[in-house]
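First comes one chain, alone, set out as structure tokens in the form predicted on its own.
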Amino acid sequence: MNDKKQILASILQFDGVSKQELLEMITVPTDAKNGDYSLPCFRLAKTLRKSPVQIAGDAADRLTCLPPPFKKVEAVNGYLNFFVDGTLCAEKVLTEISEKGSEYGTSKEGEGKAICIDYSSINIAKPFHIGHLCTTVIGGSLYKIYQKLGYNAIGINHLGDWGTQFGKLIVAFKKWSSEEELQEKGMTELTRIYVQYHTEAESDPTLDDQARAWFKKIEDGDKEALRLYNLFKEITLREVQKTYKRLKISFDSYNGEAFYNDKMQPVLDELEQKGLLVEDRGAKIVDLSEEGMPPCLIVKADGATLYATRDLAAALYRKATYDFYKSLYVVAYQQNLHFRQVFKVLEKMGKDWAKDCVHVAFGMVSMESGAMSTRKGKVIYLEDVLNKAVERSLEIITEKNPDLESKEQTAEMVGVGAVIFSVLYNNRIKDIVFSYDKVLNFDGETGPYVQYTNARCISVLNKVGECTVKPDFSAVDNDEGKAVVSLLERFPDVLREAVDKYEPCFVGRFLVDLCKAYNRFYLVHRITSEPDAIKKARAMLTDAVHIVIEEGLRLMGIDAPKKM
């Protein structure tokens, strides 16, 4: 689409108006009757000292010979409306997609640029719950889209693997569990004893003293304490890998909080040397009052470091290790202030790359049943949500298509895909209340709807079979066909927009729009029963839609069943 805008901006010349200004003014009309592209001339009236109607009329008179793919221009009520040659556009777009296949939309624009993406960041010995869904799938999708655009994406799982909760777990483990039970029950057992610890600690405060003592042993490198700490970590990672596999999520680094233990002192030293560290009631802070923010607490009065200290160390390590072009933190919006403070401290330290650190904030996801609390045991496991979605999908598929082969495998793709799509279809900052009925609706703006449209495309292509004649692209030069071609052409721009704004929802919404447009085309225009040249063109349109849907779903981390 930008290519056509560039062409128009080049041929539209007005005194005192730059090409860039024209590019920004050119729009795509909502009604196809008003052309494929339009230039509203109202903003030009003041500069050119003419009425918008006269400006449009004069320009239309000048543009008697338009470059392809434009075929005509009309001046209507102060608008210059441009119409493209639908046959020519269809031939170009559909041929390109046919030749490139899943590589359509791939580019090298990010070559040589590293993008660090910190996402998911689960806590060791705590369950992988529904609250982790947004960060995991948003980060995972951005990772894939950046890769497609040629960037060196580095997925980082900044594990929550440090803190007094490990002392609590050791106390709980020694009192109420065993290694056999841990190995057998995994995270269920770790959660059970963690909840029991907090229940017992309410009436026995000495448990907290024991927990602090055990965490001190971890810090001091005690053999038994480290063995149990590593056991909890191993069990957690083993179990979460199952969920990551279902969500098509992978990481290049699992360096978490513990990794930065020996990397914080240089940060403190540099802050001290640059006169940024101020003592305040025994604690050490960086004063951010001039920036309109509360102070950034770096070291507590008892000498303990905090999240900010570790995030500063992590930012410096990532810049030194990866020399990132951008460093993204896919973390809930409740941490807005925290990241504003951390980035501002980096700036005050003289790190000019602080501007390249971005907090990709998102809203909360909750179930219709309400809020969660790990300490009280009120937690909704993500694995349970996925399993239930798959179970519901199997029921729907069995009802709609009882003879379908591999129903269980298809249900897994549909159920898990529905959960992922429900997050990635919404603007990331929006809070979501998760509903199985909504996300599994095969007729709504959902993952199953997109998957079903893709399966329809494959079915059509199977019926068409081999068709070697030259396609007659005028067969898709109609309102419905042009709408599909226009969307297909936009796919590369949608991917750029998704990374420019850190919004995978652009891909999800694009796919729904593409599916709606194709289904309208499918209902109005016959394909398999037409003469070969027409059938070939419409089959190429269908194949292009199938290719782009499958690639779009892949970038969201979603499988596309061949049959549904």
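Everything quoted here is computed from the prediction, not taken from an experiment. For every residue, the number given is its place in the sequence shown, counted from 1.
Note that the form predicted in complex with a small molecule isn't included here; everything after this is about it.
Figure note: of the listed segments 168-176, 288-296, 334-342, 216-224, the one touching the small molecule in the model of the complex, with heavy atoms no more than 4.5 Å away, is 334-342. Just one of N123, T305, N81, S486 comes within 4.5 Å of the small molecule in the model of the complex, counting any heavy atom, and that one is N123.
Listed residues F421, Y143, Y329, F473 were compared with the small molecule in the model of the complex; Y329 is the one with a heavy atom within 4.5 Å. By the criterion of a heavy atom within 4.5 Å, H158 is counted among the residues contacting the small molecule in the model of the complex.
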